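Presented as structure tokens, the chain that follows is alone, the form predicted alone.
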Amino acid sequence: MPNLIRDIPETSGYWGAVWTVCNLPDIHVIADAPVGCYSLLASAVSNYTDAIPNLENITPSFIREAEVMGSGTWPAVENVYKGLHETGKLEGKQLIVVSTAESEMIGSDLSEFMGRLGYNAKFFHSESLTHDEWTGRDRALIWLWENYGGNSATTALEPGLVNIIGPTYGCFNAPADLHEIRRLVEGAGGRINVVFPYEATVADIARLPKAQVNVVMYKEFGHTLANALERPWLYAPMGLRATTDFIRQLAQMLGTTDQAERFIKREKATTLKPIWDMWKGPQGDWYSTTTVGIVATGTYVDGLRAFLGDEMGMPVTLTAARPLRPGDMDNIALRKAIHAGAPSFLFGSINEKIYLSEAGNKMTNFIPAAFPGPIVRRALGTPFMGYAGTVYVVQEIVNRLFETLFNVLPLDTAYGRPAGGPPVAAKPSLPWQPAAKAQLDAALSKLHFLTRISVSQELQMAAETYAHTQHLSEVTPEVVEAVLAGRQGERR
């Protein structure tokens, strides 16, 4: 049987390129695309991820059957250009024509036609048929630098300046993670130069080499531009140790070590205090027995696995990076694994949430950690990166543990109290034979870790009540067997 592609977790180079380039307000993009492929990208998906009603600086060429079958797409692009020019929508902007899968399929390379258009028009071949969105972003970033940037060798470096490279539309949690990384950079003694492309203009591109250090937000893209700028650079951190190391490395590069150490000390007493509180509280007993799965970009997979697994001591039993890395499960294998037995917590995209639903799994806690999926992330208080990210992630886990516990708490009737009736006097506790205790423990070991707390008490009370009715002086294996059989019958 062929291994059919199922539930693709990322989109194409065209989407990645547009979500990168359209961050710059003084660029207008003509997407060489039919109206549907423009609408999905520019108004539908961007709305239920980035909460943007529509990207205002992109227009489709309205490819139709006529262009596909004979004339090519240049007449359509030229017609759209004329309309934009006549209505003044291109004033003060640079013009970029971006290819799509549809235009690439008919070989519509418009490079030679750009000279006929004004506004310093340029053509970007998005490689939509062969590249994923991450490669599309990486190529778009270096292309913007090569076409609108300056020269790293001749641009004067300004000590203390730091660029943040990478946050774009369509990146999960970009606003909150960016907010935290900016805070860390400034805490370490740096000054933000350019946030590229999220908060940049075309003029800002030439200023990129002024920064002494670059911070690349994601492992999936941005490194090509960072290398081209010929300045030291670091990846943005996730987890306690990685964040502390990041602050110290950045400070060493900037010459601000004393300020960075003061910042770290202050963070331990302020931002990070909830971590210690949630670690020392009664919920701390749950971490070592609560399993975790992570399906997201490699940035999030590596960061969450190091933090939750190595630092918090939670067993990480399932991981898969998107795009796939050597050894990672594809979506078909991942679906089978989730159906066979999902972890207590699963960080992932809508695909993994669907797999849990297919399996009828109501015990696993799903936490959004990746696109695709209708999940808006515009608030600044939901970071996964940095010190604040550790607090937010642990808080999410603890709250969901409480919610799970609430959902499995027994009703009053389980304690011998009729609903709405007066309390029933408790019988004195009976001793347990070792074999009976071992039999109960074996039954409990098959249950979800959180339900064991309440079910254990419920079964112990039921066993002792049953022993009393049989006029026994202790709980025997036969009593436990009878109680377990009765409970099984009730569930049926």
Partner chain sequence: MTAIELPEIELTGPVTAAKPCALHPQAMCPAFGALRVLARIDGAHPVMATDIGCNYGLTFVTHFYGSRKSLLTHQLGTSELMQGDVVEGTRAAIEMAAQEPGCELIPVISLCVAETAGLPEEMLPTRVGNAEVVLVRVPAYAIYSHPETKDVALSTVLARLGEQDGPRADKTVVILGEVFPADPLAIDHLLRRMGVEQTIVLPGRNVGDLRRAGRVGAVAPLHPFYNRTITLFRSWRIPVVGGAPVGISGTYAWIKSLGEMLHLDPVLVNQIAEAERAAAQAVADHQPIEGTVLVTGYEGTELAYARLLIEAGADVPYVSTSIGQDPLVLPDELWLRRHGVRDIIYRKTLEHDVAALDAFKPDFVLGTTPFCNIAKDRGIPALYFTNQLAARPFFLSGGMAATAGFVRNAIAGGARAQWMLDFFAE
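On a predicted model such as this, the values are computed, not experimentally measured, just so you know. Numbering follows the first chain given and starts at 1.
Not on display, but discussed next: the form predicted together with its partner chain.
- A single residue from the set N407, T87, T270, S288 has any heavy atom within 4.5 angstroms of its partner chain in the predicted complex; that residue is T87.
- Though its partner chain is absent from this view, in the predicted complex it lies within 4.5 Å of a heavy atom of just one residue from T465, Q433, S456, S43, which is S43.
- Contact here is defined as any heavy atom lying within 4.5 Å of its partner chain in the predicted complex, and by that definition each of I5, P9 and E56 is a contact residue.
- With its partner chain left out of view, the stretch that reaches within 4.5 Å of it through heavy atoms in the predicted complex is, among 382-390, 180-188, 102-110, 271-279, 102-110.
- The closest heavy atom approach of L234 to its partner chain in the predicted complex falls outside 4.5 Å.
- The closest heavy atom approach of D204 to its partner chain in the predicted complex falls outside 4.5 Å.
- With a 4.5 Å cutoff on heavy atoms, S357 counts as touching its partner chain in the predicted complex.
- Although the partner is absent here, G327 sits far enough away that none of its heavy atoms falls within 4.5 Å of its partner chain in the predicted complex.
- Residues are counted as partner-facing when one of their heavy atoms sits within 4.5 Å of its partner chain in the predicted complex; in 320-337 these are I332, R335, in sequence order.
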